[in-house]
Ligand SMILES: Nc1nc2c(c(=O)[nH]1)N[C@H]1C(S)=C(S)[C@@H](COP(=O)(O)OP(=O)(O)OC[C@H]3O[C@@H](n4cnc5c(=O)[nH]c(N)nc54)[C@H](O)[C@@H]3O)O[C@H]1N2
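So this first bit is one chain, no partners, the form predicted alone, shown in structure tokens.
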């Protein structure tokens, strides 16, 4: 059987503006432009600073140097790291900016425009009824915050993102739990929570069980629901090297991302940069949300082709019989109709997996952000176990995280699902029980705030308003909270729309390479990096570190219980606490003396023994999803001419980091601005739309008018629009076990815009 039938997927017709390869010369042009600009010297100084990359969890840095990864490989910076640094070394927001711009004016700004206002360099407050932010003193900040967090513990909450350090994360959760609150919402609730939920159940760990060293020994990677060329470009270097050594890459994505077909990496200037390197050996385009059906189909093909590792399953897994029986019993007709991928394509994938020596299964939010995201992860891990690709070097499962320390926040206990070992250690520290109420994850926090159950909120980084579905609900919910304290380096749209009822405070904080103390972060592959001290470029700025603010607030709230909070402004003592509290982090207690960065113990699995009670991986059957779309009439349209109901995927553009937008267009998808919808040409023609027509896109919470139609290599029946702008049109359908919303399958009605009809 041909095991390399389609490096390009069936729906591969790009638009005229789509380049032939991802990455390539535009990356070099971007570097050159910024290197030669006035910011160039500061940019390069920061690139070489011994601190971890600000961008994705595949970043580099730490004590090995700014361009070096954990394996000691050089030249490992990417364009996303330059974008992130460039944004952080902007000039400050002008001193009188907030005096001269009303809240109403600021609410008209896009994500890109908000980010380009510059660095926050002094604290501001918006008081109830005021039309402006105004400068505020630190004494008043602490007075307001102290009063706010002395409220009943069930009525106070936090939200955080991976932009901060492990030390700040540990202090945040320790303060909140000492206050008696378990309301520790985190941005990971909106993205990889299904990964942590499923992996904990199956393998006894919440994270990747594959190290970078292990990935380098694989001869196949299955990459599902990830746009790695633009969201974690360093991973592309590993895929290029894998293909060079004769390995295979199976890509699973309803959209043909050109960088997953061919990618030009500056790390290999001669062989890759201009000609581009082949990435996908096989590219599958399932219907959005159908991944369970696709992976059960691969399991069925593995059974039929004789690639099931029966001895491995019997010795090292539980409940494998039910999983195999499910795959046997479901018909090919049902599976292929559900996922939209042919039997021959599925069989080709199974052949590659079955004949490979070591397969690493990676995935991102195209897998997790579904109403059945946990089942999606189960189905991937089941496939790895059935084929024996787990519990050894060169094989395993690897969620691909998109934020540099989002995993570290979870490790530090910033989660409503606290590990029992951490809970016991904290109880010993506190001298009392930590049997706290369930706590609010991010979606629960929004629902509780809307119901008037939250009085005080501290946001350590992130953009709680911008990251949530149903922007109208998010704005209304945050408006019910009395006091919100935002810790941030730059303005974002959440600071202008996510306004509290009484006090909204924005506290300017130092970023990772500016802190006056050492900090640590954790990569997506469980590697802990140590960040050196630094200085800010901002002159006469009134900034604070997250660690300093959290320890001072905790001291005012809690005195010297259960620790001397002000002493913890020296982060060495925080690391000693972490070392005695967090499993696998023991080495952090002495990292200041040893300077030894390390892989967290107990997570990377190189032998088939797992951290479950039985020592075996637990397998789960995965029900097929119901992917029925509503009708035009369900959206209230009586005459559905020139209209289509599509499964909309919301996603980030090229040159975007979470909700932060660095460029208005997406050159690799041929989308010139953010008010576009990428559709299959056949769908458009069926609805009598021409490319560049203007349409209305309607969801269950609102609509966007005057949206430009762009033809692209997306499978028929699906479409793509940009987050966070599109969040306003749909409500949150939430995965019940993890709390993650279904951003990647939003039923929408798309019809010719009234303006277009009038012109026609």
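Numbering follows the first chain given and starts at 1. Small disclaimer: the values here were computed from a predicted structure and weren't measured.
Form predicted in complex with the named molecule: not shown, discussed below.
Colleague: Counting non-hydrogen atoms within 4.5 angstroms of the named molecule in the predicted bound form, say which of 605, 226, 302, 684 makes the cut.
Modeller: None of the other options qualify; the answer is 226.
Colleague: May I ask you to choose, among 365, 521, 174, 359, the residue with a heavy atom within 4.5 Å of the named molecule in the predicted bound form?
Modeller: The residue from 365, 521, 174, 359 that makes the contact is 365.
Colleague: Quick one: find which of 453-461, 415-423, 617-625, 174-182 has residues within 4.5 Å of the named molecule in the predicted bound form by heavy atom distance.
Modeller: Result for this chain: 453-461.
Colleague: Is residue 127 one of the residues lying within 4.5 Å of the named molecule in the predicted bound form, judged by heavy atom distances?
Modeller: Contact check for residue 127: no, nothing within 4.5 Å of the named molecule in the predicted bound form.
Colleague: Do residue 489 and the named molecule come within 4.5 Å of each other in the predicted bound form, heavy atoms counted?
Modeller: Taking the distances in the predicted bound form, the answer for residue 489 is yes, it comes within 4.5 Å of the named molecule.
Colleague: Even though the partner isn't displayed, in the predicted bound form is residue 720 close enough to the named molecule, meaning a heavy atom within 4.5 Å?
Modeller: Contact check for residue 720: yes, within 4.5 Å of the named molecule in the predicted bound form.
Colleague: Indicate whether the named molecule has at least one heavy atom within 4.5 Å of a heavy atom of residue 534 in the predicted bound form.
Modeller: Looking in the predicted bound form, residue contacts with the named molecule do not include residue 534, since no heavy atom lies within 4.5 Å.
Colleague: Assess the spot marked by 257, 509 and 730: is the named molecule within 4.5 Å of a heavy atom from every one of these residues in the predicted bound form?
Modeller: Yes.
Colleague: Though the partner is not shown here, which residues of 465-484 have a heavy atom within 4.5 Å of the named molecule in the predicted bound form?
Modeller: Contacts from 465-484: just 467.
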